[in-house]
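Take a look at this single chain in structure tokens; it is the form predicted on its own.
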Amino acid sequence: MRKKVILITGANGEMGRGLIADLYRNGTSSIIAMDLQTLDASISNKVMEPIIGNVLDKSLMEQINGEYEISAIYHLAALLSTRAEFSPQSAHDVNVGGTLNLLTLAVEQGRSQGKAIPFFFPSSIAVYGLPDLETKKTAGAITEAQFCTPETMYGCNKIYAELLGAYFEKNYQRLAAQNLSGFVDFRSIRFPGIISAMTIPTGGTSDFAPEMLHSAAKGENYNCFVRDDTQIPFMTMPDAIDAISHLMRANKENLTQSVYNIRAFAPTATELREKTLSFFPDAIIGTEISEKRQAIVDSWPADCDDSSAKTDWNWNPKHDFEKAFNTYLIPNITAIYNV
């Protein structure tokens, strides 16, 4: 008998750790957690089995397929946007090739179990590519179908993986004698920038927001790498974890699409600076624009329309801009840095 489990890749990332903690709190401990490194101590006791390995390892995928009966897959492993620009080939290998391997595993699991395997994939606002600042200003909050012409390798990887997910769910090997579609239940969220109180993320082009806040709390000078008027949507990490859980619990019949925008607030860099200074008035926050990173952020929307997520699976963030700082970010950050 194969062991019944949930599979999570990229388990050591903060999203992975938060998701494992959330599942554990809700009574799920039959988790196999996959990562390139040994599992963080905060989650190692919350999983059935850790797997140190690479999502590109097809023999490992075959081993997992033979040993486990997987009820859901959360594929979080990825190379993030900044690293992807420096290493586009590696980014393609991991972000596309790895996703292809996990989707293939899902199909094999679905066929053996005779049902669709829920598959969560974290996408990004990097899939969008607005042509210029004037368009960005006039477009407002954009829908999932608008401006899907990414300008970065990461964005290309993400939108291709979204399309792969839809293909595996609806049209997989459609010319085969046997119908092989319907064995994957693909669900994806296009995340905005994510701000965490617990860690400073690395490799993300939207990291100017958490970097600014954490530097101020530590008493370190910080130069923001985007213009003061730069605007993109954000949310807190706890809301991101909550959104994954809500989407994966939603009835399939209620979902009108496989990919959803979500957001919580969309401040400018100036508003982020002013809010940070209201809590850390002695902080020194300057500006040192990185033209290349600025161009990437300028191609992303000022805000996203998340009405489909609200309608289909009752998406509702707990933290707006004020609550994000007052009830989550500042209490936790001041405790971490003892300020």
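Note that residue numbering follows the sequence shown and begins at 1. In this text, all values refer to a predicted model and were calculated from it rather than measured experimentally.
The form predicted in complex with a small molecule is left out here; the points below concern that form.
**Student:** Only one of 205, 109, 188, 236 comes within 4.5 Å of the small molecule in the predicted bound form by heavy atoms, so just point that one out.
**Tutor:** Comparing distances to the small molecule in the predicted bound form, the residue within 4.5 Å is 205.
**Student:** Could you work out which of 264, 103, 125, 161 is the residue within 4.5 angstroms of the small molecule in the predicted bound form, going by heavy atoms?
**Tutor:** Filtering the options by heavy-atom distance leaves 125.
**Student:** Even though the partner isn't displayed, in the predicted bound form is residue 192 close enough to the small molecule, meaning a heavy atom within 4.5 Å?
**Tutor:** It does: once the small molecule is placed as it appears in the predicted bound form, residue 192 has a heavy atom within 4.5 Å of it.
**Student:** Please run the contact check for residue 168 against the small molecule in the predicted bound form: heavy atoms, 4.5 angstroms, yes or no?
**Tutor:** No, residue 168 sits far enough from the small molecule in the predicted bound form that none of its heavy atoms falls within 4.5 Å.
**Student:** Can you check whether residue 154 is within 4.5 Å of the small molecule in the predicted bound form, heavy atom basis?
**Tutor:** Taking the distances in the predicted bound form, the answer for residue 154 is yes, it comes within 4.5 Å of the small molecule.
**Student:** If you check in the predicted bound form, is residue 91 within 4.5 Å of the small molecule, heavy atoms only?
**Tutor:** Residue 91: no contact with the small molecule in the predicted bound form.
**Student:** Among 133 to 141, 76 to 84, 211 to 219, 253 to 261, which stretch has residues with heavy atoms no more than 4.5 Å from the small molecule in the predicted bound form?
**Tutor:** The contacting stretch is 76 to 84.
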